[in-house]
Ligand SMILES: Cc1cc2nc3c(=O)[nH]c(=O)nc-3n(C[C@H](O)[C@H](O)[C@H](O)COP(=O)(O)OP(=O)(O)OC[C@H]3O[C@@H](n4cnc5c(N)ncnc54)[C@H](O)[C@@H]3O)c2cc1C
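Have a look below at one chain only, the form predicted on its own, in structure tokens format.
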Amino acid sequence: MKPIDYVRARTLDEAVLLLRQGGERARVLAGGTDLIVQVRENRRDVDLFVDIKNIPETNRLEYDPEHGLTLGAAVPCYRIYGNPAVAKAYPGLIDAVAMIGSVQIQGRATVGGNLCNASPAADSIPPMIVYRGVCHIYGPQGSRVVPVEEFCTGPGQTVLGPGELLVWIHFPPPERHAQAHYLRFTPRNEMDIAVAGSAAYVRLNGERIASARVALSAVAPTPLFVPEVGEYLAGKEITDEVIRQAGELAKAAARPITDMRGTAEQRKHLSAVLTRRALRGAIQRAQEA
């Protein structure tokens, strides 16, 4: 591996300046669990790492029931699932962060880094989508916000422009009688990449679904928000047939490829199965909320 410059930024403005000076060969370093491997394997050509772990804004982990959750881009996974209030309020997010790599990886890996890596198979992105996460971005032109479902534009590609970085992700406060669940399928139980995954969020009104959101992983060029499922489920009574049809809508929306991990046909099938299971899990949590 060639020599790479490393700078520990202390402020957002310093990070933006360094990224602008480094151009396309400068990269933000949060956890580094994906980026460092990519550089070592010559899949990314980097001259400068800009470490953002010492910037106060990127380390925010703040939750209250009225304002919701602010999750800094440099907050490692273990701090998220280790926070009892966050774990109770956003269990669908915990489903994902608790399965990202090993315990050792979770000590460094960040949800912000997982999002910026923009893998179609990223585990944390579908739950962030269904929880209506909003990305707060800072760059040379100041601040802007982008919904999580619009952040990834292709495999390894995001909406971030030159000199911009993700600062934090904000989630609205939990709704009453509402909750989420995330599931994935992998060939092995641990430290594997999803062949397919599904996150579901439901808000209940008695025995009916008042609203719902579903997002899929590993079945499209980006993590995939499927609004058709929510549109179909809104106002429906909870029945096996309704849940089955929701799974079929997720299957129809999936646009997978065949690769060494699974076939397109298998991923299509899993989109339906996992969505049904995720919806049932979310419904059970919502009934208990």
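Every value quoted in this text rests on a predicted model; they were computed, and no experiment measured them. Start at 1 with the first residue shown and count on from there.
The discussion below concerns the form predicted together with the named molecule, not included here.
- For the candidate spot formed by 44, 105 and 109, every residue has a non-hydrogen atom within 4.5 angstroms of the named molecule in the model of the complex.
- Within 4.5 Å of any heavy atom of the named molecule in the model of the complex lies no heavy atom of residue 133.
- Proximity of residue 192 to the named molecule in the model of the complex: non-hydrogen atoms within 4.5 Å are present.
- Residue contact with the named molecule in the model of the complex: residue 139 places no heavy atom within 4.5 Å of it.
- Among heavy atoms of residue 30, some come within 4.5 Å of the named molecule in the model of the complex.
- Note on contacts: among 89, 80, 99, 204, the single residue with a heavy atom within 4.5 Å of the named molecule in the model of the complex is 99.
- Contact with the named molecule in the model of the complex, judged by any heavy atom within 4.5 Å, is made by just one of 183, 93, 212, 73: 73.
- Screening 141-149, 120-128, 80-88, 196-204 for residues having heavy atoms within 4.5 Å of the named molecule in the model of the complex returns a single hit, 120-128.
- Of all the residues from 140-160, the single one having a non-hydrogen atom no more than 4.5 Å from the named molecule in the model of the complex is 160.
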